[in-house]
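Quick setup: one chain, the form predicted alone, written in structure tokens, and binding and motion questions come after.
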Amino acid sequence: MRTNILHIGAGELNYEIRNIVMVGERLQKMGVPVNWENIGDPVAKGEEVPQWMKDIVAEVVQEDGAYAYSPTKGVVATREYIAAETNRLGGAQIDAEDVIFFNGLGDAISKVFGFLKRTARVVVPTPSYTTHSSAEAAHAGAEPVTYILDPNHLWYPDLEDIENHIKYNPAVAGILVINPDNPTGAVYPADVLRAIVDICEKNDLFLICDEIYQNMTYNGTTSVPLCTVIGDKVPALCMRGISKEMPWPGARCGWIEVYNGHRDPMFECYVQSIVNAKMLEVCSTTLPQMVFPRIKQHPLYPEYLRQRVERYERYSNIAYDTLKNVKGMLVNRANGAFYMSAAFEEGLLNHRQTLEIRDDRVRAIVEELVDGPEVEPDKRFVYYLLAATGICVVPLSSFATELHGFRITLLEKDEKRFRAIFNTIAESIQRYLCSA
């Protein structure tokens, strides 16, 4: 074209979690039976939405207000409910005006990073959930600035690494924390979160905390809400939503809670720019906002959530016990959300390793996809695993990290099949590492 139409950050937008679906569907048409362990959609993996929850949605659908625009920030009664629930936890106090709804957290993330000054950077974790790292990198037109989650220390943030990024990069204006974490399944103790808050206060930074899995923790861990440790000096955005916990991912309903929004004039103006952007869209979808408080307050909801979390706990231990003794792997038990990440020890992967693929047509496709030294070695493993076994996972290198490994969900409902999947992965790793 006569004029360059590409956004400076267009090359940083990548979402391997769904990219691999295209490969899986192609192989599926050729007869490969695929187990989709790549994306965190509980409903797609067989979660049954209880009838009482469907009844609430059906009831709200009968109300005329469900078909109307909501206020730009969201349904007032729902925002008041969320503010009251947050204030009940103690710590930072908010009101309905500090709650802003979006069409899913993807929408929120896009605006939170997109309306920063281009030269202002937010340091994000590595590994990092792709939507965050890609959005931050795209806004700046550069690779994401990342701090280490240490696989040798339960995937906890490396606080010294965070401090060094801030010390040696004056462009850093904020820190992102995902707690409980996606992709690792880590849950951070209160002292780690307080230390990050202290770093923000000391360096005059703001904090973004993704807490969409806040109520999905297990193995004796509890996720500490940011509002309880933030104090009254550090401005912050806390992200939450309904897609995982209820679960209703297709509702595309999430929100941010603004803590200490009036403490800094520049931060206050930045938040207002996000609200203004939402105003141009008019509002977010009304129906799920109206439904949310009614489901959360239903007497059956606590037990419903408890049973789901209990199953994730059992599955996290099955997964950990299956992979922990596989030679060459760094594995931590997942304690929150419904993901697990496993990393290969450095230097074990190469571009000669393979798994047996009986169908010549399928093998030819995979060999073409992984041809070339620019293909990350864990992506090579993931594609061979998919073609040879039908198990679809996501390469860890796609989560803004130099580590090589894979992320897998804990969502398979059939325990026998779940065990079989992880046993197959363990056996496949051993064969793959010995193949060349």
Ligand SMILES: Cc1ncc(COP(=O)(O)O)c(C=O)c1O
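Note that residue numbering follows the sequence shown and begins at 1. Bear in mind the structure is a predicted one, so any value in this text is a computation, not a measurement.
FYI, the form predicted together with the ligand isn't displayed, but the following is about it.
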Checklist entry - Does residue 113 make contact with the ligand in the predicted bound form, using a 4.5 Å heavy atom cut-off? => result no
Next on the checklist: Is it the case that residue 243, even though its partner is missing from this view, gets within 4.5 Å of the ligand in the predicted bound form, heavy atoms only?
Outcome noted: yes
Item to check | 4.5 Å heavy atom contact, residue 363 and the ligand in the predicted bound form | outcome: no
Checklist entry - Is residue 109 a contact residue for the ligand in the predicted bound form, using a 4.5 Å heavy atom cut-off? => result yes
Item to check | Complete contact of 104, 213 and 252 with the ligand in the predicted bound form (any heavy atom, 4.5 Å) | outcome: yes
Checklist entry - Looking at 178, 256, 236, 340, which is the one with a non-hydrogen atom within 4.5 Å of the ligand in the predicted bound form? => result 178
Item to check | in the predicted bound form, the residue from 133, 182, 335, 289 that sits within 4.5 Å of the ligand by heavy atoms | outcome: 182
Checklist entry - Which single stretch, out of 280 to 288, 244 to 252, 90 to 98, 192 to 200, brings residue heavy atoms within 4.5 Å of the ligand in the predicted bound form? => result 244 to 252
